[in-house]
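First, one chain by itself: the form predicted alone, in structure tokens.
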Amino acid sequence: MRTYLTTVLQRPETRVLTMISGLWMSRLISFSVRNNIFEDLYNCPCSANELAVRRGFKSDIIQRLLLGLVHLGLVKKEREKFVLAEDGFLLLQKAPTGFAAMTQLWSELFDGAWQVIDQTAKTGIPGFEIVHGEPIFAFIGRDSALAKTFDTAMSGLTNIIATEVANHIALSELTLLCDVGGGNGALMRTILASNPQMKGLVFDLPHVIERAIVVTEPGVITFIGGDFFESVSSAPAHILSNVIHDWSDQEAIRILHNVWRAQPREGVIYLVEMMLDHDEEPILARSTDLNMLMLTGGCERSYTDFDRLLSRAGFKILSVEKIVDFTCLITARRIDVAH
């Protein structure tokens, strides 16, 4: 059976209608995560009627919703039973991808920002800020439950790329690395697992550090609270994963230059970012660029953009390597003078 995402769309009318109707996929997945549908099917394949009785829904409606999940390739139907498909496992609450948390963020937080896209187009103000009256990170920081969901979602995205990033960094033979904006240390723990000679610093806002759960041996990771617009912890190398795309050029240069100030002469910086207009452009780069527009006021950037920002902050790009399908690892060396 061909699913929604594997169907070959040959007619232009079909392609455009598919784009227009794409929102229903997100809404259906959100409903299924919120009501533990994936967990139920993981624990025990069941009929639509059995699931409806368990969850208190109408049987004929659940039948249709489950068939929608079958169409997406997240669920399979075997005779009268519905079972979780391979892709559906990624949406379990315990899945290391954090996609269940991401679905919650999208439905409860991100989606609303897109409702005011006209105002963003006229004013340049992120949709989130128009709707909520403050920047997204300030809003998240005031709500501990929301902050936990955000951390879970971001850690899940980190888990997808962390091993490959760690393997690239292992070639550097570094003894100390600082993760700027490193959250709960998920990326750093993976990097250290592949680099036993290394110690790590995780630098983030004080309230983020307070939430961080240290699950590594004492002394290997040091968590430090601060504001990267003011300064960052000193180290011979720094990594910033999905940080720069949250900010305008002026703010990004300020962050990068603070890294430059915290490094010795031969310092190295690693950026985990999507890169537009490049051989290594990730598949989701364009849609993520628009999401940054609506959520943070930031953007995804081209090689030329990164070269300009890094040069002004005092770095020279050495390489760009694709990391799975999602992002790129940009390696740059510190130069003597920032421009």
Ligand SMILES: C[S@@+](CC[C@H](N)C(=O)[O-])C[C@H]1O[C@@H](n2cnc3c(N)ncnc32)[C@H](O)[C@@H]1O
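Only a predicted model underlies this, so the values are computations on that prediction, with no experimental measurement involved. Residue indices: 1-based, along the sequence shown.
In what follows, reference is made to the form predicted in complex with the named molecule, a form of this protein that is not presented.
Taking the partner from elsewhere, Met154 is found to have a heavy atom lying within 4.5 Å of the named molecule in the model of the complex. In the model of the complex, at least one heavy atom of Asp204 sits within 4.5 Å of the named molecule.
In the model of the complex, the named molecule sits within 4.5 Å of a heavy atom belonging to Asp246.
In the model of the complex, at least one heavy atom of Val208 sits within 4.5 Å of the named molecule. Among Glu134, Asp227, Glu108, Glu78, the residue placing a heavy atom within 4.5 Å of the named molecule in the model of the complex is Asp227. Contact annotation: of the candidates Phe150, Phe99, Phe128, Phe82, the single residue with a non-hydrogen atom within 4.5 angstroms of the named molecule in the model of the complex is Phe150. Look at 166-174, 227-235, 83-91, 260-268: in the model of the complex, residues with non-hydrogen atoms within 4.5 angstroms of the named molecule sit in 227-235.
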